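Only one chain is included here, represented as structure tokens and corresponding to the form predicted on its own.
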Amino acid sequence: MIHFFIFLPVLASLLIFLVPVRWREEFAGAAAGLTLAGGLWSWSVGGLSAYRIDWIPALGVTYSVQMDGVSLLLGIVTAFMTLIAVIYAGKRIPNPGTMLSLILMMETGLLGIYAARDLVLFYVFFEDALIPALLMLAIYGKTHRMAALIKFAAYTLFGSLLMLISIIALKYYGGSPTFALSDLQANPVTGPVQTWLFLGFLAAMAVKLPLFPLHAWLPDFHAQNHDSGVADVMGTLYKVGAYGLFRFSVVLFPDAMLELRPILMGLAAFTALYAAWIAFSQSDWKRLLAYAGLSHMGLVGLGIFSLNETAMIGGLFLLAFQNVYTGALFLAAGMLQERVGSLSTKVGGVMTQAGVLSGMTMTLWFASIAVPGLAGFIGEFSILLGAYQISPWLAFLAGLSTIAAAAYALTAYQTTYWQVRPAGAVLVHDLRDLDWLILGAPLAVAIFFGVYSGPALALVQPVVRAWMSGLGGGL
């Protein structure tokens, strides 16, 4: 079943071009729906057990995969938001076959990242997810897309190169027979070498967290992608750096992470506050959402770097559900652009003509700024609670970002959806047909897991506790 869950999307991405054009949207939707159904079934049976075979025995590379609680939660969220992206792409993008294929191809890369239990396999999926992301930007992006593409590729490939060097060196210096995580754990690297290898691995993860100062690719990536927001949903899902740090760095580089904890927590807290401050000055919805997402990732990083159980659980919870409401907000921005022809935060008066779109967007923003009763609150509160036990001042600094988030979100919302519609402006029609599902389903998820977080926490908590106990509890 685990292979079906991982590889069904990429198989569908190839077969879609054999399907008659008029049925491609339905075919892609069916493939994405089956993948989500596979994830939900896996949840119902308690996850997917480990599977391992030798892949390239001469090099010590294995095909080792598993879907435990954390991987499964992130995988289900990825499958869910991919389905939403497929539905909206079919509705919004003319002749969407290529976009649908790229979405499904990227989904397999992301699911593979969460399933991989071999570092080389993780690296392969990590790079595989990059290719469709670049192609979406190159094919469907806006005027300055090539500059954004080059910046995105340069940051990612530079970090990936350092990660690959660290992966190879980890096996060499530790004497592990393979690159499988279990073997690398059994043959640890210690001392200064561990610190240097961690820094190499951190470079790639900091790009994909992202973390200041390796975040510069993010605003242009979102601003230059297709106005619909579909590619931005997939880009939001590609923020896998925090997961990589949790899954691999915590157990392979524990001493280095503990040694560098104050610096990394400080960097994460600064990222959260810095991004929130910059978001306040944005007048384009996509750039504002890019910096809002960066601020959230700073909080996620704070949770992971704190090496505190409560904060780490909160960080992974926030990582999962910010993909839902941030992705939906990108789609809401796309719907706004479709109706008024602009992504400006100054269009004014949209609520007077599109009340449902405005109301759903506002509620999604409430999730983003961590209003109690919505999914964002659970993660952010847990992060700050846990981080406070390690560094009260850094927790306070990061906590200021939640206040700033309310300021930038509600200010931009006011100048877009409230105030007075300019004289002579186009009529804004409200949600139609599938628009209700596209925004309503993520909103329902944000509300459900904000009120009843138990099912998601039940997936995350046992894995985090096992990971922390494996470190001897001293962290």
Partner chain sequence: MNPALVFPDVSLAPLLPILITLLGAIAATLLGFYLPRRAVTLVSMVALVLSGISMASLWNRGLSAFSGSLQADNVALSLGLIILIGSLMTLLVSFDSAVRAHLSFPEFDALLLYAVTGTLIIAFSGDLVTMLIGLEVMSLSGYVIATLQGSRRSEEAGMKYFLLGAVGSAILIYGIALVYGATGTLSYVGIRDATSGLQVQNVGLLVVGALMLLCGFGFKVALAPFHQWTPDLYGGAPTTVGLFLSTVVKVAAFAGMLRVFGGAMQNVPAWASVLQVLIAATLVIGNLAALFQTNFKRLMAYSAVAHTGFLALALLGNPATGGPALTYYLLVYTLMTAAAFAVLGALQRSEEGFSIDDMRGLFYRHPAYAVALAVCLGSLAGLPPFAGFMGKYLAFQAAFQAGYVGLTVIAAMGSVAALIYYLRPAMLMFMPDRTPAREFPGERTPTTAAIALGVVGVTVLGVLPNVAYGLVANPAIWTILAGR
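Numbering follows the first chain given and starts at 1. Since this is a predicted model, take the numbers as computed values, not measurements.
Form predicted together with the partner chain: not shown, discussed below.
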property	result
is_contact(I403, the partner chain) in the predicted complex, heavy atom dist at most 4.5 Å	no
Heavy atom of I263 within 4.5 Å of the partner chain in the predicted complex	no
Any non-hydrogen atom of Y173 within 4.5 angstroms of the partner chain in the predicted complex	yes
Close approach of Y114 to the partner chain in the predicted complex, 4.5 Å, heavy atom	no
V371, I390, L162, L385 - the one with a heavy atom within 4.5 Å of the partner chain in the predicted complex	L162
Interface residue in the predicted complex among R145, R247, R92, R287, criterion: non-hydrogen atom within 4.5 angstroms of the partner chain	R145
Site check A58, D128 and L134: each within 4.5 Å of the partner chain in the predicted complex by heavy atom	yes
The partner chain in the predicted complex: contacting segment from 314 to 322, 148 to 156, 212 to 220, 72 to 80, heavy atom within 4.5 Å	148 to 156
